[in-house]
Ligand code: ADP
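Below sits a lone chain in structure tokens, taken as the form predicted on its own.
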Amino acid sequence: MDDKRNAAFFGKHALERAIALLFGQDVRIASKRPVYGGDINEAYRLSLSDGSAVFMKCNTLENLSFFEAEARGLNALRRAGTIGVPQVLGMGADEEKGFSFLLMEYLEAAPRSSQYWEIFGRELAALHCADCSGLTGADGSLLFGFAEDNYIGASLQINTPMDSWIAFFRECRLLPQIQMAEGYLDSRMHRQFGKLLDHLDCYLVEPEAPSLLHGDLWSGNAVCGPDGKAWILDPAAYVGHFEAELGMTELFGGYPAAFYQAYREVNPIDSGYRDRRELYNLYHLLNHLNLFGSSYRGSVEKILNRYI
């Protein structure tokens, strides 16, 4: 099956044809069961006639680009070979039935390893130290960004490659979200954002080397896999500063101390990270403001007041 994965299928009976190519001409979908947890796509566990199972996401035809971007991110993370990432099997769109889909390996539930958090911390640090050349373009140069734009939740995430992390974070992370949040910002917040963008190099630092990031690593996007270790899914992958990833892990409660201690054993964290963390999370809070409304305005304003 490895030589057939990542294939794209379109037209009538696209899903059925994908299953037949991936698993054999006689294999059919025996049943499907909803899998709950996401708020953008529908998700199902497909039980196949040969006894195997597949994970499927589906959405409207117009949202096929979500799955194309997700597949690229999963493949990049998986190629790094440092942490569990579900394998992309295929994707496509059935124009007759009006839906697009993404097929991945199904992760069977297993008990957590006794060293779950320590292993997770070391494996994520190894991802951040892995070679990420070629991910921002065909020439193999080490830039910040990604070869294509993708999505952070339902929002478009701009990944235009740049040779400066600070410039990339200003132009491709903060600025697009600030522009989308126009209707939520008063004149004072506009002035604060202007000052922040003009003086971002006073707060952020360039990393020693670029890192491949999951990009949206809150607790719901890491699950226990069949090996008892953490697997990461639903990425908004790009090449950036690993501090931005660590900040996201702490945004909604954070992981246990053992995770961060183990991370530091592989990839040391500069003491100044604590002063920069909230700026990185400003990106995600602005995105939440744009996606979910004014309940996140206070969190955005609090971070602005801390820096400006």
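Quick caveat, the model's predicted, so the values are computed rather than measured. Residue indices: 1-based, along the sequence shown.
We do not show the form predicted in complex with the named molecule, though everything after this point is about it.
Contact with the named molecule in the predicted complex, defined as a heavy atom within 4.5 Å, is made by all three of A43, E105 and L233. Of the candidate stretches 31-39, 241-249, 271-279, 256-264, only 31-39 has residues whose heavy atoms lie within 4.5 Å of the named molecule in the predicted complex. Using a 4.5 angstroms threshold between heavy atoms, Y283 stays clear of the named molecule in the predicted complex. For the chain shown alone, L197 is not a contact residue for the named molecule in the predicted complex, no non-hydrogen atom being within 4.5 angstroms.
Using a 4.5 angstroms threshold between heavy atoms, P161 stays clear of the named molecule in the predicted complex. In the predicted complex, none of the heavy atoms of G84 sits within 4.5 Å of a heavy atom of the named molecule. Put simply, of V223, A130, V205, A110 only one has a heavy atom within 4.5 Å of the named molecule in the predicted complex, and it is V223.
Taking the named molecule as it sits in the predicted complex, the stretch 49-74 comes within 4.5 angstroms of it through a non-hydrogen atom at F55, K57.
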